[in-house]
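For reference, the chain that follows is the form predicted on its own, supplied as C-alpha cells.
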C-alpha cells in the first residue's frame, strides 16, 4: 500500500529520518487517504523533541510547544509536527494537565480517540495500524481506542466527535462506544460552548445532518441543546406533515445544500413548535406564531453556543420568514415587498429554506408550494434583471442629494427615503432622481 502525499510533507519526513529520527504522517490524513478522500491537512508525528525539530527546519513556529507541536512552514504552507507523547491526567474533561514525550510510537497512538484516527504511515515502514483501524474503515465503524469510557472521561468532546465522524463518513458508532457515550454524556457540561459549536456545525454540514438524531439517542443533546430533545418528542398531527417535529427538521436539513447558514436555519426553523403546539377539537395540531417564536429562541440558542453576531442575524432573519406565503398568484409588487423585508442578499436563501421545508412535509401537500416557488423564482429573476429598488441604497437619490436640494439634515432624511422607497416598490417607474427630489421636498413639508 502506498499513500501519495505532497512533496513538502514527504520532504519533512525525509529530513527527520535523515537526521536519525522516526517520522510518520498520522491521524486524519492517513484515514482520509485510505478512504480515497482528499486530506484537509497533513499532520506529522516524530520521536524528535520540539527543540530538535526546530533545529532541523529554517522556518518554524512554536504553536503548541508545551504539548510537543511545532509548525513547520514549507512553500507558504503550515504543517504540524508533534513529538510522540503520553498524556497526563485530564482534569477538565478536555485537556491533559501535562504531557510526557516518549520515543515509542505505540504509546502515542494509544492515547488517540478512535481507531480510524490512530493510524500512521511513512514510505519505509508502510501503514502502522495497532488497533485495527483499517478494518474499522472497511467495515464503516467508529470505535474508541481501548476502553471507550476512559477515552470519554479524558475528553468528553470525543462523544460529539464520534457521531460527527459517523455523519461525515456515513459510518456507524460501534456498540460499546455508543453505550459509553450514553453513560458519559453528562460530562459534556464541562466542555466550552465554542468546542461544542464546532462539532455541531461539522455534523450538520456533513453528508448526513440528520444524524443529529443519534446525539439525541445518546443523551448528548440534553446537555447543550435541550430544545432539540423537545422537538424529538413533539408530534405534528395535521395534513401538512408526515413526521414529528424533530424528524421533519432532520429531513429538511438533508434537503438543503451544506452551507452553514442554511443548515443552521433548517435546524432552528421550527425549534419553537413544542412551545407553540395546540390541539383543536378534531385532534389536529397547530403551531400558531411559531416562526416568530422560533426566531427568538434561535437567537438565544446561538448566543448560548457563542455564534458570531453576523450568523445570528442572518439565521434569525431566515427563521422568522421561513413560513412566507404569497398565495397562488404572487406578483412582482408582493415579491419586491418581501425582498425589502427580508433583504436582497438573504431573499434567494429564503427561497432555498422554503423549498427544503416543503420537501420534508407530507408528499400530498408539496405540489402547490412547488408551483408557488417556481412562480416566485421567475418573477424574482425579472426583478433582479430590471434592477428594481427594494432597499434605500437602490434609490436614484441619496440623503446627500436631499440635503443638496435644501432639506435640513437630520432623522427626517431617513424617514423621507423610506417613504420614497415605499413608492418605488409600488411603482418602479418612479425611481427617477427628478421625481424623487420633488417628492422628497413635498414630504419634508409634511413631516416638519
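Residue numbers count along the first chain shown, from 1. Owing to the predicted nature of the structure, the values given are computational and were not obtained by experimental measurement.
What comes next is about the form predicted together with ligand CTP, which is not displayed.
- This chain is drawn without ligand CTP; in the predicted complex, the residue among 344, 195, 247, 135 with a heavy atom within 4.5 Å of it is 195.
- The partner is absent here; in the predicted complex, the one residue of 361, 161, 178, 211 having a heavy atom within 4.5 Å of ligand CTP is 161.
- Picking from 345 to 353, 163 to 171, 222 to 230, 178 to 186 the stretch near ligand CTP in the predicted complex, with a 4.5 Å limit on heavy atoms, gives 163 to 171.
- In the predicted complex, no heavy atom of residue 380 sits within 4.5 Å of ligand CTP.
- Ligand CTP in the predicted complex is approached by residue 43, whose closest heavy atom lies within 4.5 angstroms of it.
- Mapping the unseen interface onto this chain, residue 321 falls outside it, with no heavy atom inside 4.5 Å of ligand CTP in the predicted complex.
- In the predicted complex, residue 117 approaches ligand CTP with a heavy atom inside 4.5 Å.
- Shown without its partner, the chain has 27, 28, 31 in segment 17 to 34 as residues with a non-hydrogen atom within 4.5 angstroms of ligand CTP in the predicted complex.
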